[in-house]
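The chain below stands alone and is given in structure tokens; this is the form predicted alone.
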Amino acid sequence: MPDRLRGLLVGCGGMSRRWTEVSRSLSDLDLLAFVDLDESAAQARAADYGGTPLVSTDLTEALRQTQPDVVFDCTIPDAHTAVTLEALSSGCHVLGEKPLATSMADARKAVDAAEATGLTYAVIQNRRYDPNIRRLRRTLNNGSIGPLTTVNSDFYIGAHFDGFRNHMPHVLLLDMAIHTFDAARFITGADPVSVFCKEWNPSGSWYDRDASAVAVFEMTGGIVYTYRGSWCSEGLNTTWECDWRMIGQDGSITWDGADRFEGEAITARGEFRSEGAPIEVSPEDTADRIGGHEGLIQDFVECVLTGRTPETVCSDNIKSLAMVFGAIESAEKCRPIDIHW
């Protein structure tokens, strides 16, 4: 593998602007091509990047002409699997926007293809690289509240979108919950076993389909994780990262999804209520994986160059996607569902 990677970016909509900005700052990456079905969008992103990259509407031809080492997939979700399979078959490592795929069958195809080629396919889960969630994970790992038993998250935002989200089925679970479910896996260090989910569309909702959901997940290690959320909850909105409560055998920690933490650890067991004392959450560690999109893209490039495995590699990320489709299946069938990936 060379000291510098040759890259191609496919899908030049608004989301890709951040990718271009980050790529321009990396000394070990050169973007050689920008591909989009809308040539003007590819031209605009190429102009943002600078230099003289190839602009194309044909991914196959662009791959042939530039022979990149890595492909950045910023296409719409329905195109993720096709783009990934073509990039892998062309010998390219892939980093793509979430979700990994729009079905579990397609997700398995992509994971199998990555394993068969020996190439890396990773997914952007930028919430994992938030410095505060890393602080929380380190605090839980040091045993401050003992083994986890229960984790609860609340997501309530009155989001007035203008476009496809107003009409799509399972809008909350499909469009947003992947972030929270992946965060729950990161926080707990556990994987999903089963789920029971209820979806509904509250009276007065501006969405055509169900925009609220409650889900109860059984996780490995006996941990129970609960999710409550709504895209049409007016007033007292949570952060985009949710409100969280982590309950351990020896205490609890709450996190507002921003920079506010509260923690209490048990100091003496009582006959009715035990005594506790405040605990401090670990400080930010700049050596940790932080930086959102920037941190993920930079880490992916370093992983390809060094042979390390990215934290959000597809073979792990498929477990978070399985939580989404498990919750949807449970809501549709009105019964608990075992989760498989």
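Since we're looking at a predicted model, the values are computed, not measured. In case it trips you up, residue 1 is the first one in the sequence shown, and so on.
The discussion below concerns the form predicted in complex with a small molecule, not included here.
- When contacts are defined as a non-hydrogen atom within 4.5 Å, none of 157, 230 and 257 contacts the small molecule in the predicted bound form.
- Heavy atoms within 4.5 Å of the small molecule in the predicted bound form map, among the stretches 216-224, 190-198, 161-169, 263-271, onto 161-169 alone.
- Residue contact with the small molecule in the predicted bound form: residue 326 places no heavy atom within 4.5 Å of it.
- Using a 4.5 angstroms limit between non-hydrogen atoms, residue 37 touches the small molecule in the predicted bound form.
- Of the heavy atoms in residue 153, none are within 4.5 Å of the small molecule in the predicted bound form.
- The shortest heavy atom separation between residue 81 and the small molecule in the predicted bound form exceeds 4.5 Å.
- Exactly one listed residue, out of 87, 122, 253, 74, brings a non-hydrogen atom to within 4.5 Å of the small molecule in the predicted bound form: 74.
- Residue-level contacts in the predicted bound form: of 97, 243, 106, 210, one residue has a heavy atom within 4.5 Å of the small molecule, and it is 97.
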